[in-house]
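There is one chain below, alone, in C-alpha cells, taken in the form predicted on its own.
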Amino acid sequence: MSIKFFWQIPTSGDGRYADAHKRIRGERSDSKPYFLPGVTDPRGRRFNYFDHLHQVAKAVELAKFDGLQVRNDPQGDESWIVAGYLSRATRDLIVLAEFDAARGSAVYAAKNAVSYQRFSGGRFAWQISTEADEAQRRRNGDYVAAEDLNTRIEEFVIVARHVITETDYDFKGRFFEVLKGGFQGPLSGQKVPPVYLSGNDEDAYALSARVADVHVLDAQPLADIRAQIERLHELASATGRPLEVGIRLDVLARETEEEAIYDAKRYAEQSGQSKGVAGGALWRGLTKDSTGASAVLVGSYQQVSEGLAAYAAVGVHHFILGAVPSLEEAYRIGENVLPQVRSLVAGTSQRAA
C-alpha cells in the first residue's frame, strides 16, 4: 500500500521564520505594517493572502508531496473556495478540503464535488470534521445536538455518494431526504471524493468503519497509534469494508537535533505555548493554536524521517503534515525529509516481502 503525504494549507494566516505570530502574508494592512516608518513596499496592494497560498501550493508541488489539505478554520477563508483556487494552480496534487457537514445539503455538496472533479481531473477529496466547541457551532448557526453529529455525517456521506453514482435514488433519514435524486449528463459518472474522517473515541472509530475511506488520528506516541489502528481495522473488518489510517502531525526538522530543539523553544516562547516545551521527540500543543495539530515531531532530518517511517510501519498510510511558516517549511520538509521517509518505507516493504 502506497504512502501519501499531504501538506496543510493555512487558511487564517501564516508565520515567518523566527517569528511565530500569525500574519496574513502577501496582504498589506495599515493596522499591521510589515516595515518601519518611511519604508515603501513597491508591491502595494496588488497582492493578497490568496497569492501567498498560491506560493505555498506551488512549493508543495515542487517538493513532491502527494496532496494539499485545506484546513477548515472558523477564522479563515472558506476551505472549498481555497481548494478550488489551488486546484487550478496545481497539476497533480490531491486537494483534500476539510469542511463541516453543517455546511448544508448533501446533494448540493455532492454537486459541488462533481464540478471540482471535472475541472481538476478527479483530484478532489473530502475531510469531514466537526467543530468540537459547542459555542462555536452555535455561532456558525449549527444547533444539532452533540450526540447527533455523527449520525448527520453518516447520512451526509451516504446521500452524497449515492447521488453521484446513481439516478432515481431515494433516501429518508433524520437529517437528509432525497426523492429520485442523482445527476445525469456530464455530471454523472464522476469520481466520488475519497472521504477522510477523524476522532479519537469509539463512536468516531465505528463511524469511520461504516462510511470512511481514511480515518485520521491525532498525533500520539507510537504505541497508542498502533493500538488505535488495530481497533479501527477490527471494526472495519466487521463491516466488510476496507479502511486506511492517517495521522495529523506537525513537523519541525533541522540539520541537527540541537538546532531543532532551539527553534522549537523559540517558537514556544514567541507564541506563548510554554505547554509545548517537553522532552522527547513529540512536543504536545506547540503549534495547536496556529495549525490545530495536537503535537509536533521535533528533531534532525534523520530523526524526523525515522519517526514518520515508524508510524508508517505500524499502519499509517496518510500523513497530513504542517509547520510554521508553511511556505518555507514545505520546501524544507520536501527536500530533506520526504525522500528519506520514502526510502525507509520502501526498504521496510522489501524486507517484509
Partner chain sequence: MAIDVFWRIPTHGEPSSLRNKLHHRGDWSQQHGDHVVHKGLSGGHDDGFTNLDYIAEVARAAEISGFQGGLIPSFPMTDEPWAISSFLARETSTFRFMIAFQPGFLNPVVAARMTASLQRATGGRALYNVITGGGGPSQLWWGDVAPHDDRYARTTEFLDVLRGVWQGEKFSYQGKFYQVEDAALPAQLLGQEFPEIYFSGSSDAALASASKHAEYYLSWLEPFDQLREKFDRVKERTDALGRKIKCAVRVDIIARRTEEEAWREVRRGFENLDDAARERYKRFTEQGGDSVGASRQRSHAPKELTDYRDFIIHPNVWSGLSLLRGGQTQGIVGSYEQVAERLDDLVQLGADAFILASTPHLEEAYRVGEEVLPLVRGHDNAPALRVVR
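Residue numbers count along the first chain shown, from 1. Note that the structure is a prediction, hence the values are computed from the model and not measured.
Absent from the display: the form predicted in complex with the partner chain. The rest refers to it.
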Sort through 201 to 209, 240 to 248, 215 to 223, 103 to 111 and report the only stretch with a non-hydrogen atom within 4.5 Å of the partner chain in the predicted bound form. 103 to 111
Check for me whether the partner chain, as it appears in the predicted bound form, comes within 4.5 angstroms of all of Glu27, Asn140 and Gln184 - heavy atoms only. yes
Between the options Arg231, Arg88, Arg174, Arg266, which residue brings a heavy atom to within 4.5 Å of the partner chain in the predicted bound form? Arg88
Give me the residue from Leu282, Ala236, Val178, Ile158 that has a heavy atom within 4.5 Å of the partner chain in the predicted bound form. Val178
Taking the partner chain as it sits in the predicted bound form, is His54 in contact with it (heavy atom to heavy atom, 4.5 Å or less)? yes
With heavy atoms only and a cut-off of 4.5 Å, decide whether Gly334 touches the partner chain in the predicted bound form. no
Distance check, Glu257 to the partner chain in the predicted bound form, heavy atom within 4.5 Å: no
Taking the partner chain as it sits in the predicted bound form, is Asp77 near enough to touch it, meaning that at least one heavy atom pair lies within 4.5 angstroms? yes
Considering only 280 to 319, what residues come within 4.5 Å of the partner chain in the predicted bound form, judged by heavy atoms? none
